[in-house]
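Next comes just one chain, in structure tokens: the form predicted alone.
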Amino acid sequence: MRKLFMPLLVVATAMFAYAPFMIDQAAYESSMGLVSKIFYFHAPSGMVMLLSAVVCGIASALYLWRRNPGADRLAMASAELTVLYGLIVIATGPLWARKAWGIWWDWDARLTMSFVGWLIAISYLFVRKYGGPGSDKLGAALAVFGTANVPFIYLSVNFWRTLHPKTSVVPTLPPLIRGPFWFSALALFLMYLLLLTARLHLERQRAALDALYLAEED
């Protein structure tokens, strides 16, 4: 991944530079008008947020099972990115909702579970920062619980009556919307992959530095 990091960074930068022009040329949703452009950031960020939560949970489960430090570092990095992408979702969602539903927020199943999932990721980071001895295992258990919440977030709109659009919206997007949407989704995923790689490298360097300090003390 190190050899691919710089080429992917260049590609991601170019995609983010071009994305506003592509979104500007994309078709408007008939009832939403200009506000519909938020869709190209909100929905892909939600997809990446759920992916990151799953990565965090799987890595945490591996850490609980094998006590693998690499899995723990992956869980930590994924939790931070879950919070980051969740913040994008939480910030852009009400802007869409105010135009579509006439309210900024509604405590329906999808919104509530997404908010809970975001809070779980934040709780994980607080536990790891301030939990003291044993915080790694407690945080890992929290992350696994957060991953168990992901299917409910995704499927909630299909099982409960909710203002939020169903999961069938994305696969049935019109061609003039589908292209910019998946372009934006790929750009946000590339950014996630690059940030995750950089964060893992930082954690490895920190672990190596801690090992040097311990060796010096001995």
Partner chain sequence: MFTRTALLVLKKDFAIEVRSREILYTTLLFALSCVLIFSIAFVKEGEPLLDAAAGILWIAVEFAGTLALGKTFERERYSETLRALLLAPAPRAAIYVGKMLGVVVLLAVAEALLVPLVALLFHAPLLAQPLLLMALVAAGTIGFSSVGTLFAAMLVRARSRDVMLPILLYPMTVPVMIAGVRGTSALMQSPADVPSAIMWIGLLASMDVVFMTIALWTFEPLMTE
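The model shown is predicted, which means the values in this text are computed figures rather than measured ones. Numbering follows the first chain given and starts at 1.
A second form of this protein, the form predicted together with the partner chain, is not displayed here; the remarks below concern that form.
A.B. asks: Given the stretches 84-92, 71-79, 97-105, 132-140, which is the single one in contact with the partner chain in the predicted bound form, using a heavy atom cutoff of 4.5 Å?
C.D. replies: Heavy atoms within 4.5 Å of the partner chain in the predicted bound form occur in 132-140.
A.B. asks: Judged by heavy atoms and a 4.5 Å cut-off, are 11, 17 and 23 together in contact with the partner chain in the predicted bound form?
C.D. replies: Checked in the predicted bound form: no contact with the partner chain for any of the three.
A.B. asks: Tell me, yes or no, whether residue 54 is in contact with the partner chain in the predicted bound form, where a contact means a heavy atom of each within 4.5 Å.
C.D. replies: Outside the cut-off, so no.
A.B. asks: Report yes if any heavy atom of residue 182 sits within 4.5 Å of a heavy atom of the partner chain in the predicted bound form; otherwise report no.
C.D. replies: So residue 182 does not count as contacting the partner chain.
A.B. asks: Does at least one non-hydrogen atom of residue 189 fall within 4.5 angstroms of the partner chain in the predicted bound form?
C.D. replies: Although the partner chain is absent here, residue 189 would stay clear of it in the predicted bound form, with no heavy atoms inside 4.5 Å.
A.B. asks: Would residue 58 sit within 4.5 Å of the partner chain in the predicted bound form, counting heavy atoms only?
C.D. replies: Taking the distances in the predicted bound form, the answer for residue 58 is no, it never comes within 4.5 Å of the partner chain.
A.B. asks: Which residue, 177, 193, 38, 157, is the contact with the partner chain in the predicted bound form, using a 4.5 Å heavy atom cutoff?
C.D. replies: Checking each option against the partner chain in the predicted bound form, the one that comes within 4.5 Å is 157.
A.B. asks: Residue by residue through 94-132, which ones have a non-hydrogen atom no more than 4.5 angstroms from the partner chain in the predicted bound form?
C.D. replies: Heavy-atom contacts within 4.5 Å come from 116, 119, 120, 123, 126, 127, 130, 131, 132.
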